[in-house]
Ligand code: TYC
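Here you get one chain, nothing else, as structure tokens; it is the form predicted on its own.
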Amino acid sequence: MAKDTQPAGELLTRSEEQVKEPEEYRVLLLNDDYTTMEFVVSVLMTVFHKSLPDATKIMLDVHKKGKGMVGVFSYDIAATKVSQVHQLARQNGFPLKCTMEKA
């Protein structure tokens, strides 16, 4: 039988680790003169899982204001979504731009 190696009467304490929240990034779609509104709505619903009313509102922001915020994500998720948007746009022949910036 193995003996307990902890001295009698001594408590083990767990040192509290500082957990740092991951930095967040805003993902933005930028307006251009060639990408159709329908395609932008489709991307918003497919890549960002937005409802039709939400996707339409963001698309109108992009159209009228020049850009629209899609959401706030951790770095890895934001970078992946930007890449997915660019890939879909290229596959469909559109110059749609998507960027990310620190929130």
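Note that residue numbering follows the sequence shown and begins at 1. If you're wondering where the values come from, they're calculated on a predicted model, not measured in any experiment.
Quick note: we don't show the form predicted together with the named molecule, though the next part is all about it.
S.K.: Quick check on residue 78: any heavy atom within 4.5 Å of the named molecule in the predicted bound form?
M.R.: No.
S.K.: With heavy atoms only and a cut-off of 4.5 Å, decide whether residue 36 touches the named molecule in the predicted bound form.
M.R.: Yes - in the predicted bound form, heavy atoms of residue 36 and the named molecule come within 4.5 Å of each other.
S.K.: Could you confirm whether residue 29 comes within 4.5 Å of the named molecule in the predicted bound form, counting heavy atoms only?
M.R.: Result yes; residue 29 sits at the interface with the named molecule in the predicted bound form.
S.K.: Mark residue 50 yes when one of its heavy atoms lies within 4.5 Å of a heavy atom of the named molecule in the predicted bound form, and no otherwise.
M.R.: No.
S.K.: Give a yes or no on whether each residue among 40, 62 and 96 has a heavy atom within 4.5 Å of the named molecule in the predicted bound form.
M.R.: All three within 4.5 Å in the predicted bound form.
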